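In structure tokens, the next block holds one chain alone, the form predicted on its own.
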Amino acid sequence: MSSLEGIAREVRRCRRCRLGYIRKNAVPGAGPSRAKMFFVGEAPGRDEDTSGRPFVGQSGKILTAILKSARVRREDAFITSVNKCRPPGNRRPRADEVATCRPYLMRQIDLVRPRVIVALGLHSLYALTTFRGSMSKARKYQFVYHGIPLIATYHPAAVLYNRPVRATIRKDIALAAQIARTTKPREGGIDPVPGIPFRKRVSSGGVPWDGGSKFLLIRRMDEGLWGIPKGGVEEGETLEQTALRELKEEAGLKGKTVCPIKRIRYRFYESESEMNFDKTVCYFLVRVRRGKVKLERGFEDYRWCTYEEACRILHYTNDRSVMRAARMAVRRLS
């Protein structure tokens, strides 16, 4: 996995969308690599474009003051934005510009692994969740992004034309700070430990597809993460049989495998068994009917998503690569 500085170098070289050709400086973001709080704005403004640093203009001064009043040290937080380049005239970033730049943000969050994320404004909230609505409504929800609590609040720029909203932002950031202090960090995968032998594991899963443009994701209760139905291959089963069984057990749906789409292999250390594992997961595209979903115990939610929505809420890079393979398979079929 790359470092934050590695991502910053990529961002500064990036020309993947039109904004990369008209900016003065890209603005990757700034903050410690293990920041407990992670702030996400919309896009750089004029001052940020000139300096290459996030939130240094009027909005930045307001944010710094609010952080101080909420007893949050700015230098302890990671601060960035969804889009890393300034749109001309400070217009809203377009959908294709957001889609092009969002992977940088997702990788930054994966590396920092903050204890709480603060979405500053609806644009950043929309980029991190599937919510669509007003900020007044969003503030009533408890969001989770890849297992990380997410607090939605107004963008600091709102204070420029609505001074009373300053107290609201301060209240939301104070709540986020409390969550950061009291929430334990979620453990990620552990690299293999040298000197310990590897044990092989084989699993199989299916990406449930409705025959149109939607795919089914399910969310685990223990981690709050969205994923794809999958499980270990039992004795006497084929990979396809396992994928269909796991779909039936975890989501209560029957399906038919269409084609194999992806094989993922990775190695990790499991502290519970004190063993290294060499794991292979085989994925299939599975055609299902959008009937009633009955989740297995241990899962708390499900969602039919477009490809773009799925990639937005899936946590693991491997799962997002499987979704890309599923979309390519669907395109070939059509």
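These figures come from a predicted structure and were not determined experimentally. Sequential numbering from 1, following the sequence displayed.
The next section is about a form of this same protein that is not shown, the form predicted in complex with uracil.
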With the partner omitted here, the residue among Leu67, Ala26, Val286, Ala43 that in the model of the complex has a heavy atom within 4.5 Å of uracil is Ala43
Are Glu48, Pro54 and Ser81 jointly within 4.5 Å of uracil in the model of the complex, each by at least one heavy atom?
-> yes
Considering only heavy atoms, tell me if Arg115 and uracil come within 4.5 Å of each other in the model of the complex.
-> no
Would Ser59 show up as a contact with uracil in the model of the complex if we use heavy atoms at 4.5 Å?
-> yes
Given that the partner is absent here, does Arg166 sit within 4.5 Å of uracil in the model of the complex, heavy atoms only?
-> no
Is Arg170 close enough to uracil in the model of the complex to count, meaning some heavy atom within 4.5 Å?
-> no
Can you pick the stretch from 275-283, 292-300, 35-43, 262-270 whose heavy atoms fall within 4.5 Å of uracil in the model of the complex?
-> 35-43
Residues in 147-175 close to uracil in the model of the complex, defined by a heavy atom within 4.5 Å, in order | His155
